[in-house]
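Encoded as structure tokens, the following chain is the form predicted alone, with no partner shown.
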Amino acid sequence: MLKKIGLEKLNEFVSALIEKGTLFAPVKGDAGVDFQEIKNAGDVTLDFYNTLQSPKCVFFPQTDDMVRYRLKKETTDIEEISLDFEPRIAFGIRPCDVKSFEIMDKLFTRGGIVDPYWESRRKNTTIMGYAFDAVDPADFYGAFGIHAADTTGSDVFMVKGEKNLLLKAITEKGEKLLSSVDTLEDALEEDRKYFEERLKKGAELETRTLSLEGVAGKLRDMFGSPYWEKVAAPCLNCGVCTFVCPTCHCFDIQDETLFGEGTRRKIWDSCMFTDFTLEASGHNPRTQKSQRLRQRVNHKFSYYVTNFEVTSCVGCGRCTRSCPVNIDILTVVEEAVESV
């Protein structure tokens, strides 16, 4: 099923999606474009390369309430947060970010312990992928077999033309969504041809790349190398690389209580923070920033590969673009492997 809608009717289409459930889509702000829950259709934009932060917030919010409670003299009233999420739509997700959801699934739903928050949101969300039409120099998603117009993992895949937005249903869930929106028109043969040409062009666009053969083992072999001190020298341990990353998933659980009322919530954490591994005894096994940067690189390109047989990186380039001291994870891995 291939549908289309004129770009001048985008607001009308977005309004129809809002009626179908909670909608997350790209919104332009002062610093750039990011995904937000949409209340006003006019806020949505398709004129962007990629968002500053990844869309993992759709399934894994930066703060996520688990339990609310009220402390009393003899009892405590507890209110568990419902996991019965209404239908949700994630609109305008780039192919590399769509791939990140699959990588996170391996941890949150297939790692032995199921995260009910992630699982419920994933189950109730329709993914609307969106093709790149250019390549940023920081990107290297091609190293992982992802291309600029890769439909894999999307329920609906979108291609933007000069006058129309073309939408193809990839899964049954996607077909159900497109069939329910009256504002869409059936695509013509010329639209179908254009859509297929864009998919072909997407496969031909080249990003930076990296041979992943043997990388996991080579990184393990150089665990004690002085290379990590050299490459970590400019690092500020600000953690921005982990917060913009679509596959970083570390979180803390904290209680916030005021005047007898409290909330227990999940909050993003980062292996780049100095207190991430601080133990109750006061001992910290990673006191040096070189140890923390080594952990981040090894986790993505070695440990995750060992545990789940996939690299925990999609080459979106966000960490490189956001790093205040221009540390590039692809270069770090390349140089590390070459030094063995």
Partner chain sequence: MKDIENRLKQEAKRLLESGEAEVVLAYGRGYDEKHPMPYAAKAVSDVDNIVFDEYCTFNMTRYLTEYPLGTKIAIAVKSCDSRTLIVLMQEEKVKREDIVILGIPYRDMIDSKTGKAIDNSTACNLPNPVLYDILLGDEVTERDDGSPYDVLKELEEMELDVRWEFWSKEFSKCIRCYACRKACPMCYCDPCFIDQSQPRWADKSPSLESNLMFHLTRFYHLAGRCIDCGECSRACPVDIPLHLFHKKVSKECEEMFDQVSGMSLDDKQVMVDFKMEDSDEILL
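Numbering follows the first chain given and starts at 1. What you see is a predicted model, and the numbers here were worked out from it, not measured in a lab.
The discussion below concerns the form predicted together with the partner chain, not included here.
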**Q.** Option from 160 to 168, 112 to 120, 248 to 256, 87 to 95 whose residues, in the model of the complex, bring a heavy atom within 4.5 Å of the partner chain
**A.** 248 to 256
Q: Give a yes/no on whether Phe243 approaches the partner chain to within 4.5 Å in the model of the complex, heavy atoms considered.
A: yes
Q | Glu12, heavy atom within 4.5 angstroms of the partner chain in the model of the complex | A | no
Q.
Can you work out whether Thr274 and the partner chain are in contact in the model of the complex, taking contact to mean some heavy atom pair no more than 4.5 Å apart?
A. yes
Q.
Under a 4.5 Å heavy atom criterion, is Lys289 part of the interface with the partner chain in the model of the complex?
A. yes
(Q) Give me the residue from Gly214, Gly145, Pro234, Pro226 that has a heavy atom within 4.5 Å of the partner chain in the model of the complex. (A) Pro234
Q) What is the one choice in Gly202, Gly174, Gly239, Gly153 with a heavy atom within 4.5 Å of the partner chain in the model of the complex? A) Gly239
Q. Across 36 to 67, which residues bring a heavy atom to within 4.5 Å of the partner chain in the model of the complex?
A. Leu52, Gln53, Gln62, Thr63
